[in-house]
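In the block that follows, a single chain appears as C-alpha cells, in the form predicted on its own.
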Amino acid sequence: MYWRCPVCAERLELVGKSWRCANRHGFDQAREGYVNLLLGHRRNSQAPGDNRMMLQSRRAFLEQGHYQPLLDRLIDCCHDLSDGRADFTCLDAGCGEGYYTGHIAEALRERNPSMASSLAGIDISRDAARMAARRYPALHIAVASSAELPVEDHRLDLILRVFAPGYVTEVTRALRPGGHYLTVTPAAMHLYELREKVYDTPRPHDETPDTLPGLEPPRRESLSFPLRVLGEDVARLFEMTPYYWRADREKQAEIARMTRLDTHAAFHIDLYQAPRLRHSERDSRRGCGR
C-alpha cells in the first residue's frame, strides 16, 4: 500500500521512518507504526473522531465476540472478492481501533500470506489509529479523513466502511474499474431495546440503501441475531454508540447500572461495484502507457 501526499497528491514512499513524496513533503511514522496524514487546517476540531472512552469500550465489547457473526460474514465477503490474489488492495475507511480490519487481515493472511501487506485502515481519530497500529502491526494505518482518502486514483480493489461516514466522490476516485465498495449500516431494529432506554419515542433506522452516482446499484444482504449482554458489557455497548452522547446524565447513570440487556443486532451489508472498463477504454489506457 502506498499513501498519497495530502499536500500535493504525489505518491508517498517510506524512507527510514518517514513517508516522503517527490516534492519533499514528509510525514514521520509514529513509534506505534501509524502515520498522520490529516493536515491541521483540515480538522474540524482539536481532536476529531471517536474519543478514547468510546474506542476502549468498543474494543472491550467487540473482543468478547458479540458481533462475531458480522465479522465472519465480512471475512467471507473479503475473501470472495479477493479471489486469492496476492496484489489485492483493501482500505477500511473509518477503521476505528482496528477490530474488523485486523481480524480480516489475519484471516486472509492464513489463506494467502502475501495478501496482508495490501490491507490498510484510516481513521480521523489519532487515538483510533494509535490503538489499531499497536494491536495490528502488520497493517498500514494512517490518520486521515474519508472525505480525502490518502490513496492514489484507481488504486483500490475494495473499500470497506463499517458504521462510518462515506463520500462517494472519493470512493469512485480511489476504486479501480470493477472494484467494490462494501458498507455495513444498521437495520431498522438494530439495538432497539437499548434505544428505548435513551429515547422516549425511538424510531427505527432508515433502511433505504444509498444510491451512489458512479457505482452500480448495490447487492444487499441482511444479518440479524439476538444479543444478550451481561455485566460491564452493557455499559461498554452503550458507550461505544452515539446514543451515549444523546442521553442525559440521568439516563447515562441508569444504563451504567444495568447488568443485563436483551436486544438484537441487525445490519445491512451492501456491496457496490465500480463499472468495468469497456474494451475501447482499456485499449486507450494501454496506449497511454498505463
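Each residue number is its position in the shown sequence, starting from 1. The structure presented is a predicted model; accordingly, all values stated were derived computationally and were not measured.
The protein also exists as the form predicted in complex with a small molecule; that form is not presented, and the subsequent description refers to it.
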Practice task
Consider residue 163 of the chain shown here, and say whether it contacts the small molecule in the model of the complex, taking contact as heavy atoms within 4.5 Å.
Solution key: yes
Practice task
Please run the contact check for residue 125 against the small molecule in the model of the complex: heavy atoms, 4.5 angstroms, yes or no?
Solution key: yes
Practice task
May I ask you to check whether residue 144 falls inside a 4.5 Å heavy atom distance of the small molecule in the model of the complex?
Solution key: yes
Exercise for the section: Could you confirm whether residue 239 comes within 4.5 Å of the small molecule in the model of the complex, counting heavy atoms only? Expected result: no
Fill in the blank from the handout: Of the candidate stretches 243-251, 28-36, 58-66, 219-227, the one with residues having heavy atoms within 4.5 Å of the small molecule in the model of the complex is 58-66
